[in-house]
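One chain comes next, on its own, written as C-alpha cells: the form predicted on its own.
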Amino acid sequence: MPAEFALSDRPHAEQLAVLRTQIAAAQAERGPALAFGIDALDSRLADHGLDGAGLHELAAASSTLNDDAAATLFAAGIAARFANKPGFTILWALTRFDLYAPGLEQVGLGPDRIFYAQGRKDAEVLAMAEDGLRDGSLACVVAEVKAADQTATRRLQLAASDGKTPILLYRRHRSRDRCPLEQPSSAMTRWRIGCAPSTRLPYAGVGRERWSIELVRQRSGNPFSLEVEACDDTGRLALPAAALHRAVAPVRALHQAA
C-alpha cells in the first residue's frame, strides 16, 4: 500500500472510531418508541415500535412509480404519527420536489405540519437533515437521497440521539434495479416497501390499498415481512382480516455489513 494512501486513510478511520464511540454512549438515552398499534408488527420489533431518537431507513421494493408512492406514503404516515400533537411539525428534505401534497394529507400529514427543504445534491440534503435533528424542535425529519455512505448514516444516528428526534431516510432508486438497502448503514431499522393486490370487493371498484412491508434489518432483532393495509387518514396501518392467520412470508436474503 502506498504511504500516501495510508496517511490519507488514517483520519477517516479515526473519525469512524470516534463516531462509533459517541453513538454507543448516546444509545443509553434513547427516545420513546412509536408503536404501530399492530401486534404482528410491534411484537417483532426489538423496541416494540420505532425508536423516537433513531435513524430508520426505507426503500421501495422496485423502481416502479407504484412502489415509490407506497414507500413515500409509508414514511409520511409514520411522520404524521410522530407529529400528531398540536404545533408539531416535520422537516422533509429532498433534491427533487415531486411530492403530491393531497396524497400526503390523506395519510394525516397536512401542509401545516411540514417544512420543505430542497438541496441541489444529496450532501446538502444530508446536511439539512442533520441540522434539523440537532435542533431538537422537530417531531420528525424525512430525507430523500440516492446514496448515503456509512459515515453519513452514523452522523445522522448520532444527531438523532443528540436531538431526541427520529429520522426517516428514504433511499430512492428510480433509475436502478439494485436495492439501495444493500449498502451498509448504521440505521436502527431498514424497511423495504412494495405494493400488493388490494382487497377484492363484492361490487365493482377498488378496495383499500395493500402494501408488502419487509423489515430487512433491525438492531437486536430479526427480520420479517408482512402484508398490511395502507395508511388511513391518521397515518395508521391495518392488518387485513384475511391475514390474521396467514404465515409470515420469508424475507429475501440480503447480505450487508452491520
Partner chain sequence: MPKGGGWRPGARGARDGALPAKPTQTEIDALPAHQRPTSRELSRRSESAEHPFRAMRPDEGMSGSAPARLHTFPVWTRPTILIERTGQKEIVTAACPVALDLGLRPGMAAAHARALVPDLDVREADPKADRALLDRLALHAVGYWTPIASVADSDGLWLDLSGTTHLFGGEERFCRRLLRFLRRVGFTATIAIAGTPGAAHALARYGGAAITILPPGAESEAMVDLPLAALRLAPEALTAASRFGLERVGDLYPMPRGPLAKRLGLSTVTRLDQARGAVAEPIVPVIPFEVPRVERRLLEPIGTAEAITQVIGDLIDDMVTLLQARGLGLRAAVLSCLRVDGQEQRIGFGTARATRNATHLKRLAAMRVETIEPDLGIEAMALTAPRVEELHAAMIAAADLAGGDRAPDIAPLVDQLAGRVGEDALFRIVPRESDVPERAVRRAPALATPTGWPRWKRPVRLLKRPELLASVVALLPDHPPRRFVWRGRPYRVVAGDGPERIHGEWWRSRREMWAVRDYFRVEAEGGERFWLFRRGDGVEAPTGDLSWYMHGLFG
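This is a predicted model, so every value here is computed, not measured. Numbering follows the first chain given and starts at 1.
Not on display, but discussed next: the form predicted in complex with the partner chain.
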Among 183-191, 145-153, 107-115, 160-168, which stretch sits within 4.5 Å of the partner chain in the predicted bound form, heavy atoms only?
107-115
Of Gly221, Pro197, Pro32, Gly37, the only residue with a heavy atom within 4.5 Å of the partner chain in the predicted bound form is Pro197
In the predicted bound form, does each residue in the set Asp122, Cys179 and Ser225 place a non-hydrogen atom within 4.5 angstroms of the partner chain?
no
Using a 4.5 Å heavy atom cut-off, state whether Glu209 contacts the partner chain in the predicted bound form.
yes
Given that the partner is absent here, does Gly77 sit within 4.5 Å of the partner chain in the predicted bound form, heavy atoms only?
no
Is there any non-hydrogen atom of Ala61 lying within 4.5 Å of the partner chain in the predicted bound form?
no
Would Leu65 show up as a contact with the partner chain in the predicted bound form if we use heavy atoms at 4.5 Å?
yes
Within 4.5 Å of the partner chain in the predicted bound form, which residues of 134-150 have a heavy atom? Give them in sequence order, or say none.
Asp135, Ser137, Leu138, Glu144
